[in-house]
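To begin, one chain is listed below as structure tokens, in the form predicted on its own.
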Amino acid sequence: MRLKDKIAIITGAGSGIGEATAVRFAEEGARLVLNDVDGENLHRVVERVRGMGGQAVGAHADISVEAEAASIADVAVKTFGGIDVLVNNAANFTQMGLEQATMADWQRVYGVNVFGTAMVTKYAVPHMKAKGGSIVMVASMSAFIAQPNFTSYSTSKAAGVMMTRSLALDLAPFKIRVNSVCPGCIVTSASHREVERLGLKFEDWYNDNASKHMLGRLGEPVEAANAILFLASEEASFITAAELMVDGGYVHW
């Protein structure tokens, strides 16, 4: 088991990539602190992990609020005694252009994707310094390419990539590795909500986006979760400050 008895925090674990990561980590023996702003979905995933025989507790919190972000590390320490792995997966996905986005829209996106992620990490790191560990940022291919009407989301994810590199440098003396997984278009419940918001047919949306990936299809959450698991594990012991593309060849096509 690649994460046997490791204590791992996963933010945004209530659905999609976060849920898939929770399941894969549980399969590999991790003890989990699962966070989400959606309490109902969070409870469902915690129970799913426990039903597999895994160990998991929920940390219901909105990471855009500093005190709530800080509480996640507290749950990990009080429940399991420390933190070995942090997966910063929580994200606010908003597809709109500069002229449509209000200040409130920008604050919502950056509040989670940048400021909230920074705060979760800030309060977790002191508990990781003694024995080292791994931090995995879930960034996006959108950090590297321009896409129509993605300004706020893409710039927030680009900030996450630079946060990864900066933290990797600062935390290397403490044997804490920091890397990013950069998914392409992954089909999640958020995808369905966004398609509905845009008034599109799912099949049309899928086919249009699939055609932009070298592999000719969209990704599944578990495919991103497997990459996160690799970077979190000792199999990636000499990897830090890296961006692992899980994008079906989108960015380099």
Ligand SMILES: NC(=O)c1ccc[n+]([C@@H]2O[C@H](COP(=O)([O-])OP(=O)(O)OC[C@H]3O[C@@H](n4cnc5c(N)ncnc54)[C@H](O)[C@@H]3O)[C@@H](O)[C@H]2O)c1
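No experiment lies behind these values; they were computed from the predicted model shown. Note that residue numbering begins at 1 and tracks the sequence as displayed.
Same protein, other form: the form predicted in complex with the named molecule, not shown, and the subject of what follows.
- Taking E47, D62, D204, E196 one by one, only a single residue has any non-hydrogen atom within 4.5 Å of the named molecule in the model of the complex, and it is D62.
- Comment: the named molecule is not present in this chain, but in the model of the complex one of A70, V57, A190, V222 has a heavy atom within 4.5 Å of it, namely A190.
- A residue is said to contact a partner when one of its heavy atoms sits within 4.5 Å of a partner heavy atom; N179 fails this definition for the named molecule in the model of the complex, lying far away.
- Under a 4.5 angstroms non-hydrogen atom cutoff, the named molecule in the model of the complex has S15 among its neighbouring residues.
- Taking non-hydrogen atoms only, P183 approaches the named molecule to within 4.5 angstroms in the model of the complex.
- For the chain shown alone, V112 is a contact residue for the named molecule in the model of the complex, at least one non-hydrogen atom being within 4.5 angstroms.
- Looking at 127-135, 170-178, 84-92, 99-107, the stretch with residues near the named molecule in the model of the complex, meaning non-hydrogen atoms within 4.5 angstroms, turns out to be 84-92.
- Along 114-141, a non-hydrogen atom within 4.5 Å of the named molecule in the model of the complex is carried by V138, A139, S140, in order along the sequence.
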